[in-house]
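So this first bit is one chain, no partners, the form predicted alone, shown in structure tokens.
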Amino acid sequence: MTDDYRITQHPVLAVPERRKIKFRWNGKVLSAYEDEVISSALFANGIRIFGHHQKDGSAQGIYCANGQCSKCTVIADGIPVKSCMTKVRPGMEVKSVEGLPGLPEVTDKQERKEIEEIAIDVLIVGGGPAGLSAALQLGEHRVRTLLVDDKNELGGKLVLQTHKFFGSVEDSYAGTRGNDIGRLLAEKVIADPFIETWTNSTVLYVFSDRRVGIIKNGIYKNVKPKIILNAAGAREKFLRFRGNTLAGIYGAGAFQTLVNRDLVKPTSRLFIVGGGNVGLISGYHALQAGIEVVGLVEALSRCGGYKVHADKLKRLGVPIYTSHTVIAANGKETVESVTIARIDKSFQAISGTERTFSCDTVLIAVGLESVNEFTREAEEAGIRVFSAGDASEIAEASSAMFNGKITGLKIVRELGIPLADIPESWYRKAETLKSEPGRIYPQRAPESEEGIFPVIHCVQEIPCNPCSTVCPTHSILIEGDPILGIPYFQGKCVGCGKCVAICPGLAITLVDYRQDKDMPTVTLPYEVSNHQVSPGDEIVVTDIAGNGLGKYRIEEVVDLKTNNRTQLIRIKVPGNIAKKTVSFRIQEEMVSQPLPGAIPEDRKSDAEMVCLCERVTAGEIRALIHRGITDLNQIKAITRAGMGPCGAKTCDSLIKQIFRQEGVPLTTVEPNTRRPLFVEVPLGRFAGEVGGDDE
């Protein structure tokens, strides 16, 4: 384990002191940190291939890092385990899976306990922003609540978010970093005497006898709730392209887990597919981790995420290719390069526009789908069930928190506890917080060239208001909706810089003409302090879209604790560009230059993999559709697509996509019968067999 694969300095996250331990990987002694999962420990030692598939020998690594697939399976002390969910222990023997893993030896000496059954008022599945917010409302009304999460700490995806949140200051902690919000909510929930929390615990199934099977630290338990709240979040969608099974291709959640939770540097050159908020934010997190972001590709004509997120990347030097798609990932076992191309209005690649870029990782961020299994199972079992957050509807975490709060109160009412009506204004605010990015307006900078004032470079309708909330003179106003409207400056500025430091989009600057009207001072926000800048350094300043405005020297770097780990960089620039100056480049243009020549293309039709578990291609699926087969269960029986360890969590949506391409309405397609359990579990657990917290 070397510092080459560890993040030893981060602009937002503290790097804790941790005890080192030793384990073996294929007989070789390696180092890890105590309480680290195996997958992160392997990445920290530069190991990205965890084994080879039994069907075609292809390299296997990570994909979801969330326990929902089994691409990262390894053999730990003789037992096949998911390396992303299993802690490494001192002296552990870890081996790669080459072909089919052998079964562990059967012994009659397993410890068994009587299966515990627990009655509870409300069971919450998932300890993310929605589940935590709902739990706080239930606890406040003295409702006996059990909250279950499969990670070792509460917070869900909030734990992985180092950026400041959008939304409303009053209702969703806007202007506060996501990991800080997660910690704050978790502390409140843990302290509530009416809320019991189970971490390292996985909900398996809601059975027809109204019991919910849960594995808690390796021990099976039955929980019988009056009401279930499904707040299990969402899973990431996959994408079809040539080479999509190479090691080094994985989801944004896996990347953020490695980088922001485990402080592992999994890549040196990253390419991102998908211009929604998840992809854009992941690019920013990569820069904060000292990783080169070669580029980002988005099929639509503009990124679907917030414009301020996209602009932030462009200004730092990351190119974004809209109306483009990924054609192929290239490499023998791991990613060595990626080929993209421009697409036409029918989303078909335009021949001759291909470009290939050197990279070692392709991050897939092409959308999410709700984890709605528990909702459906509860309904079939006749248990009253609610859902909140991404398990109900895909939206931002700020929306999930507020909707979780409302859902918690709905459950209180459902239990017959006297409760005042939920204000209608709350429902309107909930709709506002989950709003898609709206209209883009022309920028409106103050005309004055006197004194000091903020210039607001946020020109899109998005739910966000911390700048207006924090201004001490109340001079930043919101036009129209108090959360969704466009902010503008009107009044008196005292130059405190609070609006600059709190803006989640880093889209506010401060222009000061008081000392020099010809060369005013501009204050810029900066959050990538591991790419250090100092007074006297020359930087290439950029406008809102990342266009260079020239080189200028830094006058001052202000680093105050009150600015929540946002540095303020002060520079002097000519008056004619002062109001246009927004940021500066930190990534050299050479990082994103395409490779000379062309990578030979594999022209084999429909070779893209659809089912990663069973190695089923798009061509195999399309051939069956052409034969008139419209039953996903029949397709599964013929090809085994959907029979692998992930239980069709990945391939189901890709197969349906092929049906749509072939003009077959999904209403005529017989859906796949999902396997009963959410994840794999040793059968002995149902007999009370005791397992470790890592199995």
Partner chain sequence: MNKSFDVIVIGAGSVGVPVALAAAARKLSVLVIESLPSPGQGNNKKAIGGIRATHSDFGKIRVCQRSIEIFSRWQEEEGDDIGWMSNGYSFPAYTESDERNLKDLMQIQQEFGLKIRWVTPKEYETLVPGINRKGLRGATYSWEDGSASPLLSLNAFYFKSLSLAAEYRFRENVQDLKISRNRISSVITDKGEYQGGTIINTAGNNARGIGALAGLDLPVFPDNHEAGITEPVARFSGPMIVDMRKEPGSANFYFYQNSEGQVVFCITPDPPLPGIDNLSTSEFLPLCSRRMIEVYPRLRNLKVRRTWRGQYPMTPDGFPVVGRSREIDNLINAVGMCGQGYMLGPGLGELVSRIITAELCPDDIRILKSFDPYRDFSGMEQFK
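Quick caveat, the model's predicted, so the values are computed rather than measured. Residue numbers count along the first chain shown, from 1.
We do not show the form predicted in complex with the partner chain, though everything after this point is about it.
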Work out which of 517, 302, 112, 142 lies within 4.5 Å of the partner chain in the predicted bound form, going by heavy atoms.
112
Contacting member of 192, 373, 614, 606, with respect to the partner chain in the predicted bound form [4.5 Å, heavy atom]
614
At 4.5 Å by heavy atoms, is each residue in 55, 101 and 208 next to the partner chain in the predicted bound form?
yes
Testing 630 to 638, 56 to 64, 37 to 45, 655 to 663 against the partner chain in the predicted bound form with a 4.5 Å heavy atom criterion leaves exactly one stretch, namely 630 to 638
Using the partner position in the predicted bound form, report whether residue 79 sits within 4.5 Å of the partner chain, counting heavy atoms only.
yes
At 4.5 Å between heavy atoms, is residue 14 in contact with the partner chain in the predicted bound form?
no
Taking the partner chain as it sits in the predicted bound form, is residue 647 near enough to touch it, meaning that at least one heavy atom pair lies within 4.5 angstroms?
yes
Considering only heavy atoms, tell me if residue 220 and the partner chain come within 4.5 Å of each other in the predicted bound form.
yes
So which residues in 126 to 151, when you check the partner chain in the predicted bound form, have a heavy atom no farther than 4.5 Å from it?
none
